[in-house]
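In the block that follows, a single chain appears as structure tokens, in the form predicted alone.
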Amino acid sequence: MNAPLDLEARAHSEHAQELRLWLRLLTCSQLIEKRVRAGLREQFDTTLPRFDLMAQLERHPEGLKMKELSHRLMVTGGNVTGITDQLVAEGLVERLGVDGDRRAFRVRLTGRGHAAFAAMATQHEQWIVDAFEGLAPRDLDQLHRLLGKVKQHQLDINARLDPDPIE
């Protein structure tokens, strides 16, 4: 069996501490995502992209246009269409026309889709809680605060470099 990919292993003591930290963050993120993907597949016979699309729709009960979904998920329209087609066929989402635009559709969760997503979201949250169970509440608070500083610094840099912010 192959050893799991660990990007952090690429770093050496002579590399900048910031690079080593970045690689550790990336590795942790990938390991947690791998667990979530496997759990979604095993327990719900679904994928992370399908879960992510349903999560966007859960936040917008009125539904979203396909273009909005594509933008929010940061994937092509073709990807969103393919996933949406599958979810429609399974009765988890529905397409609705958009008044004044015969070419556009809004997509929203069906009742069945809400129930399926609620079960997935509950389990997803538990997987994430489990991923951080090795940290004390104080450590979690400190990590959250420190990563918030990194996030704000990046937002400030991005605002200077690109006046059109990422939503």
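Not measured: the values here are computed from a predicted model. In case it trips you up, residue 1 is the first one in the sequence shown, and so on.
Here the subject shifts to the form predicted in complex with the DNA, a form of this protein not shown in this document.
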- Message: Is P49 part of the interface with the DNA in the predicted complex - any heavy atom within 4.5 Å?
- Response: yes
- Query: Can you check whether R72 is within 4.5 Å of the DNA in the predicted complex, heavy atom basis?
  - Reply: no
- Counting only non-hydrogen atoms and a 4.5 angstroms cut-off, does F44 reach the DNA in the predicted complex? no
- Give a yes or no for G91: in the predicted complex, does one of its heavy atoms lie within 4.5 Å of a heavy atom belonging to the DNA? no
- Within 4.5 Å of the DNA in the predicted complex by heavy atoms, the stretch out of 111 to 119, 136 to 144, 53 to 61, 96 to 104 is 96 to 104
- Query: Using a 4.5 Å cut-off on heavy atoms, what residues in 132 to 155 are near the DNA in the predicted complex?
  - Reply: none
